Structure formats: structure tokens, C-alpha cells
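The chain below stands alone, shown as C-alpha cells; this is the form predicted on its own.
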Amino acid sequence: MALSFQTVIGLEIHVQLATKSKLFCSCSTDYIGARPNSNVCPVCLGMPGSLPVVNGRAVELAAMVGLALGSKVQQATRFHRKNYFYADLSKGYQISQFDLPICAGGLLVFDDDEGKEVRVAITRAHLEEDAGKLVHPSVDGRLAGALHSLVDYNRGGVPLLEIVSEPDITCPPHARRYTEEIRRLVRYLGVSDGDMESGSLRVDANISQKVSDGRWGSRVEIKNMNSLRSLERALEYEVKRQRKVLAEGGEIHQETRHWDDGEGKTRSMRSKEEAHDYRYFPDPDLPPLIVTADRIEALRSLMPELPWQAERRLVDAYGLGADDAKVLAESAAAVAYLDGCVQAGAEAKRAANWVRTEVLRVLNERKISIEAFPLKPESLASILALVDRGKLSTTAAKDVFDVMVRDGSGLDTAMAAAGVVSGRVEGSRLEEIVEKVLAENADAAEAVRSGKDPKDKKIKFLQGLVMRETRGQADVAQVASLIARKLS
């Protein structure tokens, strides 16, 4: 009888919190591009006699995530020392939370790629400090043979929120979707930028296999997955590896494995530690952390609409398609911008299309946030109103939009700068443009006049030239009729 397997996956997602200072000191968290070891102090370096002080903003951000996930935000919690050899933490231990995390329980619900509802329970979310960064100088471009390693402690002490799921995930695609939803949530709340490539969101996966003959393979942890694609590929590889070992009668050893993205496989790093290996004990320099009920309720009152709630509202209230709603609901600021356009009188679907295409295009080109976008929602709504009334073509409106974004000018000034006149080009002015196009393209005009254009390619070409000359401000049917009359 053939064996069958059930995959069991739990994820630990480490989210760097968007605070200006570190978790226990006032050093800057802006370590990307900073000179190595320039954002450090006796506290984050763990010098004797230095005393840590908890960053209140980090506590608030952690509580916001817990509220969004339906967790219980604990009123009394504390920090422990997690003792382990960290080459990139100079004090030799990490300050983390053990038996009393800031957030307990919770649930994340999402639809998979086939539209099936998936429910993943949250075990806990706890605060801890990040480690530094090791740099291994290469020899002739290769790591092998390096005589030493360098340490940059700038990242050490940056606040992390570790979100731990229950082992409710049953396949790699669901692990990817779960991670996408967590990333969308922290970005929407402004808790983190959620950038996996820069390391501000990192995922460790625990995976095992339950076998139909009653065996259960040991849990394996996978590290070094710095993209959603890497996460899914690493889990797919590990599913195949573990099933092959178990099918051949072997054992899966509890260990930590490293994902090699170039090779497309996991490699053994070390045996997996248990909680007792870390010798947790309460940090004697930090008193218990108390978050009052009043403070929790105040944070609850400040919670914005959640991304999945916004997505549903955009579909129900504005009639947007599911794909458009999902893209816009990646950002609370993008949703607010769209709401501003609609409140200023813009038609919702047209406004959503412009925000998704033109506004997001500019943000990507300039690498800015929508909060820094120079065009106010009311200004975009005024452009779209002219399009709705037939005063501007879509082509001309995009030209005006680009000028307003570039120069920060008002609508009338931008229209003049773009050479656009509000209203249709028609009458004698349209006739002049048609005659000009026909004169400049005599060969195409003659082909139409002599009947040598059976598939209407030339006439469509001429019509396109006229529409370009009018910047889309002419009526297509009127242009076609005028060309036909001139060439008859």
C-alpha cells in the first residue's frame, strides 16, 4: 500500500518595526547605507553598567498588529535574556520575550489562489531586538579561504516583532499567501515597510511530514529565505526531500537548514535548539512592562480600516473589480487618496484606474510614497471631471496630469503648457487639420481615393494621424466622415 503524506508548516515572521530609535536605546534605526558601527552606544553594545529603556513606540506598534490579528494584548509582560552565541550581538545574549509575550493568540483568514478560505491561528507575537550583521571578506571572489569576518552592529538593537503561527499551513502556496497577508497588514498599518530584500521582514519556516503509517517526521527549520519566491521554493524542496527520506524508511533529524537559492536546495546548518538550550531568564535590568487597559483601548480607537476590510469596501461601495481593489488595498494612503478623489466628485471606477496606473507609475518612477505625491486628490478629480464631460480626451488628460505633477501647476496653467484646449476640436479647425494631414500624406490619401486600400489600412492610418494632431480631442466618427468626404 502506497504511503501518503500530510505537510505541516508553521512560520515565524520577523518584522522590523518602523521606529526612529532602537528598542532599548536612542540610537538611530537608519542603518542602511550608514557607516559601519556608527549608530551604536553602550546600551545596544551591552557595555557594563549601561541600562536599557523600552521604546514606547515599539510597544504601540506591536499592540496594533496584535489588535489587527485579534490577539489578546497582554497588560503585563516582561523581557527575558535569550542566551546563545550570537557573533553579531556583542553582549552574547538577545533581549526577547519568553513566557509573557506582548500579544497572545489571534487568527489570520485569507483566500488561496483557488478562492478557498484558509484559516491560520496565531500562537503569539513578541518583541525582541535584532542582531547586527556579519561581513565575510572574500578571497578572489570566493568565501572559502576568508581569514576573518567583520561585524557591523548598526542593526543590533533595532526592534523586531516576531509573529509565530500555529502549524496550520499545509502547503507551500499557503505559506506564501500567509506571508503576503502579514506583509500587507504591517505595511497598511505603517508598522514596517515589509521589504524582504532589505531584511525588514524575514521568515523562518518549520516544516514536517505526517505519514499515513503513523510515523511523524521531526520538525526542520529553514532559514535564509529573502523573498516570497525563495520561501515557496525552499518549502517545495523540503517537502520532496523529507517525503523521499521517509518513503525509503529513513529518519528526519530535527535541525536547522540553510536555503541556497542559487543551488535550489536546503543544506544542514546545525541541530535545532529547544527552548531550554537558550537558558531564558528575566532580564534583571528591565522591570515588567505594563500596558494599561486604557492605553490598549486608546490604540484600538486609533486603528484604521484593515486592508481586507478596505478591499471589500472598494468592491462593494465603488464597484471595483477584485484585482483593482486588491492592488489599491496594499496601501492605506492609496485608499485614502482614492477616497479623496471620489469625495471631490470623481467617478469611482475611473478614479481607481487612474490611481492604479498613472499615480502608482509616478510613485514607482520617483521612488516616493503617495504621501509625497505632488498632486492632491481634488486636482486629479478636476482633470477627470473634464474627461467625463467630454472636454478632455484621455490622451490630453494624461498630458495635463504629467505637467501638473512635474511643475506643481494648477489645471489651467497645465493645460496651456501642454497645448491642450478644453473642449472638442471640430468645425473649421478640424477641417484644417484633416486637410493638413491629407496634404502631408498624399500617397496614403491617393491610395484611399483610388480604391487601392481594400482593408482600410491607409484610412485608419490617416484617422490616427488626425486624432494625434488633435491630441484626441476630436470625435472619431466625425473625423472618419470628414476624411471620407475629402477623398470622395
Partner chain sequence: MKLYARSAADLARSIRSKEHSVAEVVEAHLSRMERMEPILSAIITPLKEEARARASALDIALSRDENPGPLTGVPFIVKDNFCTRGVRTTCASRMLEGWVPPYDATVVRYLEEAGAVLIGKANMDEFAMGSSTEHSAFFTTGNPWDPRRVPGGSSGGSAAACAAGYAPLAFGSDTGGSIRQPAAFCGVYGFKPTYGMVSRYGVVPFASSLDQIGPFSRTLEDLLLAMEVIARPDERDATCSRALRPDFRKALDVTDLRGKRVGLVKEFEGYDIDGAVIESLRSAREILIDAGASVVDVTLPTVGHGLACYYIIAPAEASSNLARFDGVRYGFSAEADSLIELYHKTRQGGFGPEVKRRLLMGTYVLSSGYYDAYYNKALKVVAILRGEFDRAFSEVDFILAPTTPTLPFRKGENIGDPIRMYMSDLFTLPANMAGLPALSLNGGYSEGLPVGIQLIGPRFGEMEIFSAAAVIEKSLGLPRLAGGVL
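Numbering follows the first chain given and starts at 1. Everything quoted here is computed from the prediction, not taken from an experiment.
Not pictured, yet referred to below: the form predicted together with its partner chain.
I'd like to check something about residue 86: if you look in the predicted complex, is any of its heavy atoms closer than or equal to 4.5 Å to a heavy atom of its partner chain?
Although its partner chain is absent here, residue 86 would touch it in the predicted complex, with heavy atoms inside 4.5 Å.
Just checking whether residue 42 would be counted as a contact of its partner chain in the predicted complex - the rule being heavy atoms within 4.5 angstroms.
Flag for residue 42 set to yes.
Counting only non-hydrogen atoms and a 4.5 angstroms cut-off, does residue 90 reach its partner chain in the predicted complex?
Because a heavy atom of residue 90 falls inside 4.5 Å of its partner chain in the predicted complex, the answer is yes.
Taking its partner chain as it sits in the predicted complex, is residue 318 in contact with it (heavy atom to heavy atom, 4.5 Å or less)?
Result no; residue 318 lies far from its partner chain in the predicted complex.
To test your reading of this chain, name the stretch in 223 to 231, 147 to 155, 166 to 174, 197 to 205 whose heavy atoms come within 4.5 Å of its partner chain in the predicted complex.
Checking each option against the 4.5 Å cut-off leaves 147 to 155.
Interface residue in the predicted complex among 287, 249, 115, 410, criterion: non-hydrogen atom within 4.5 angstroms of its partner chain:
Selected option: 287.
Contact set, 32 to 68 vs its partner chain in the predicted complex - heavy atom within 4.5 angstroms:
The stretch 32 to 68, when checked against its partner chain in the predicted complex, contributes 42, 43, 45, 46, 47, 48, 49, 50, 51, 52, 53 at the 4.5 Å heavy-atom cut-off.
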